[in-house]
Structures are given as C-alpha cells and as structure tokens.
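In the form predicted on its own, a lone chain appears below as structure tokens.
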C-alpha cells in the first residue's frame, strides 16, 4: 500500500500539474471505486469545477474545488493516479477518467479496487468521512517538537511498531516506513513506548522526520509488485535505500549481521537483531 512518501510525491506533482485546470467530463466504469456515493452524484459534483489546490492528510489526497467541495482519493493496495493525454491507450482496470477542458486527463487505475474516490464538503466531512476526521498528526504536514512527540509517545502504552502505524496517532506511516524508522532509531519493533529513555525518544523522533523526508526526496518506494508509480507512471527509487524492509537474510548495511524477518500483527516485519535494541 502506498504510504505517506508515495502519496506526498503524487500530491506535489498534482499541485504543479493539475491545479488550475477545469474538469470537462468524468467517466466512471463500475461503482466500487466511487462506493461512498451514487455514481451520478460523484460525476455531477465534479463536472464543470476547477481544481484550486491539493492537500494531503496521511494517505488521503484532498483536492479542493472552486465549488467549495473536496475530492478525496485513497489509493489503498493497488490504486494509481496517472496523468495522461486523451489519446493515450487506456490501461486495464481504469475505473475513473477525469478529462480536463485543456491538457489531457487524470485517470484512476486500480486492479484490486480497494481504493476509492469520493466528493465531500468541509461542512459534511465529519459525517461523510469519519475515517479522515479521526486521523492523527501528519508528521510531514504538521511538524511537532521532539518534546511534544515524547508526550504523545508516553500517552500510549503499546509496542513501537503499533504506535507508528496507528493512523489515529500518526497518519501516513505503514509497514515499510515503520521498519525503516525503527532501524534508523536503533529500536526493536516490539519495544514498548514506556520503555524508552529520553535519548531513545529523541532518536525515534529524528528517525521519523528524516526517514519520511528522505523517502519523499526519492519519490517513495516501488516494490517488486510494481503497484506504486508516480503521477507520470515512473516508479520510486527509495527501495534502493531500504536498510531492512524486504532484506531478510541479507547482511545489515551497518553491522553486517543478518537481517531478520518476523511476524507482527499479521504483517512481515524486518529488523537487525544487533543494531536494534
């Protein structure tokens, strides 16, 4: 699933490339990708509007429209937003096509159809999208001091990986970046939040900030399934810089011990048994 760095990469590209464009037509194939509202309502609330801005909250892309509405997009497991020319071949599993009055289309492609698009309004978002409202702090959009981070950490007695991936606490971090953050901080995934020293809290805080910004710099991670590509179909490059994720049985780049794979909350977790305490 695309995480914060991948979604932020797409958000920045959309901000440069589609803000200011007016929507001419919207075509929807099937209804699963727009399942929160009737298909006709989704289309009518978009056609004729102009895109005025693009924000992000965790893994949600939030497009502001001149009508006052918001177009929200969540890519989930396999969703892709692609900027195309009208004449470009339509990829299989293209479920939504937004055609602009000038300069091409924005297409939503999703083989597994877990992702979604929906239109809401700031006045009704609490009712329409409680999962958006309940999101916690976005560590890139809402920077905080390490002391506030520490207070938040101490307020939740739980395992560190569970803390990092709980979307109601920190929005946008998933399986990949929680592993990379914990390696950078030198902490095991199963340490508890209340077991950290002040120095370890500061290390974890710094690892969250630096890992996410580094991943954004390299346009996120594209794994072996090639599910994630940016707005123009280009894969990310941060996977080349992964220290632990997906590197089980390989040598740790820091200490040369063997990277270990474990199960945590039904997900694969990667760590160095010597570097992470």
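Positions refer to the first chain, counted from 1. If you're wondering where the values come from, they're calculated on a predicted model, not measured in any experiment.
One more form of this protein, predicted together with the DNA, exists but is not displayed; see below.
- The contact with the DNA in the predicted bound form, taken as any heavy atom within 4.5 Å, belongs to 222 out of 243, 33, 219, 222.
- The contact with the DNA in the predicted bound form, taken as any heavy atom within 4.5 Å, belongs to 174 out of 104, 136, 186, 174.
- Contact with the DNA, judged by heavy atoms within 4.5 Å in the predicted bound form, is confined among 96 to 104, 113 to 121, 137 to 145, 193 to 201 to 113 to 121.
- Proximity of residue 253 to the DNA in the predicted bound form: non-hydrogen atoms within 4.5 Å are absent; the residue sits far from the partner.
- Residue contact with the DNA in the predicted bound form: residue 3 places a heavy atom within 4.5 Å of it.
- Of the heavy atoms in residue 151, none are within 4.5 Å of the DNA in the predicted bound form.
- Not displayed here, the DNA is approached by residue 261 to within 4.5 Å at the level of heavy atoms in the predicted bound form.
- For the partner-free chain shown, 74, 76, 77, 92, 93 of 64 to 94 come within 4.5 angstroms of the DNA in the predicted bound form, judged by any non-hydrogen atom.
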